[in-house]
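Take a look at this one chain, the form predicted on its own, written out in structure tokens.
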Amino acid sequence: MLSVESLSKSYGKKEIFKDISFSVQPGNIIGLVGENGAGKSTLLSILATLQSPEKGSIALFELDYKSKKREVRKHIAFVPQDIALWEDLTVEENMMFFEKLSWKKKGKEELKQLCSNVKLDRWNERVKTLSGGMKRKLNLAVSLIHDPELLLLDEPTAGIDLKSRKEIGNYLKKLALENGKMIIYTSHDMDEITNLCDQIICIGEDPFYQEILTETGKNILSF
């Protein structure tokens, strides 16, 4: 379980968010929404151990983020909005490269299966020739090499075709339901959020998201 208690973050005198508390159980998908600048990406970055909060505490499977950061990172995958791949390498070469950096090792067939799981069948093609949707799928496959329990995804379906968006969404559901993964992700697509998520966290003062989401009957936390 991921437990977040009274988390606050500021940049200088600018308060980004204050007193955010929530928990995530294995098998849950959490949607993170709010206007631009509300702090969604900052929150994901903190949960990924890339930033530290001013106040509050976080624990993953009772591992404290402050004292057990190195151990915590073994259980986390963070996929930023910007695609982070080697464009001149093939899909296979990218997967093999990132496997070398992973603390958990996998063979070539296991890596190929990860790509197949996300409906990516361009194993021998260079990344620069892939569509935006295929690149997003490869980004996701890379993040799963070390079999993380917590997936943090920043706009994982931004700017891609509907087919790829549906395939990624279906796979995230499968990861949660069948593999017990905890998933937190941001999106501006409210249909995607309401269809996929068990719970929705709304950050910021803009009432737009709150009004739309209230009509869905979903479990919503607002900060």
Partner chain sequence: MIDILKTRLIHWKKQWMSLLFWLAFPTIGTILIIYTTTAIQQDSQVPVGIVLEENTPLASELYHTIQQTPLIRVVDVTEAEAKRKVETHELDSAFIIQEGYEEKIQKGNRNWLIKSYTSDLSFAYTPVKEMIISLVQEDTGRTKTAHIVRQISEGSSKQWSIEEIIVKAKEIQQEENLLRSTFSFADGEQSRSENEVTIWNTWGLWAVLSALSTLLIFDWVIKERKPILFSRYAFMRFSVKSYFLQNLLIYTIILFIIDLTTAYLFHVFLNEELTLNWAVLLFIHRLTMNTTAFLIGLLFRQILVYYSVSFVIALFIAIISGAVLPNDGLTSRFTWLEILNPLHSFLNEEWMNPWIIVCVVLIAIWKTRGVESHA
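Residue numbers count along the first chain shown, from 1. Note that the structure is predicted; figures quoted are calculated from it, not measured.
Separately, the form predicted in complex with its partner chain exists; it is not shown, and the next lines address it.
Interface residue among R70, K174, K55, K66, judged by heavy atoms within 4.5 Å of its partner chain in the predicted complex: R70. Screening 155-163, 24-32, 175-183, 42-50 for residues having heavy atoms within 4.5 Å of its partner chain in the predicted complex returns a single hit, 42-50. Although the partner is absent from the chain shown here, D82, K100 and V142 each have a heavy atom within 4.5 Å of its partner chain in the predicted complex. The shortest heavy atom separation between R126 and its partner chain in the predicted complex is within 4.5 Å. None of the heavy atoms of K108 is located within 4.5 Å of its partner chain in the predicted complex. Taking the partner from the other structure, its partner chain in the predicted complex has a heavy atom within 4.5 Å of a heavy atom of D88.
Its partner chain is not shown here, but in the predicted complex it comes within 4.5 Å of a heavy atom of E93.
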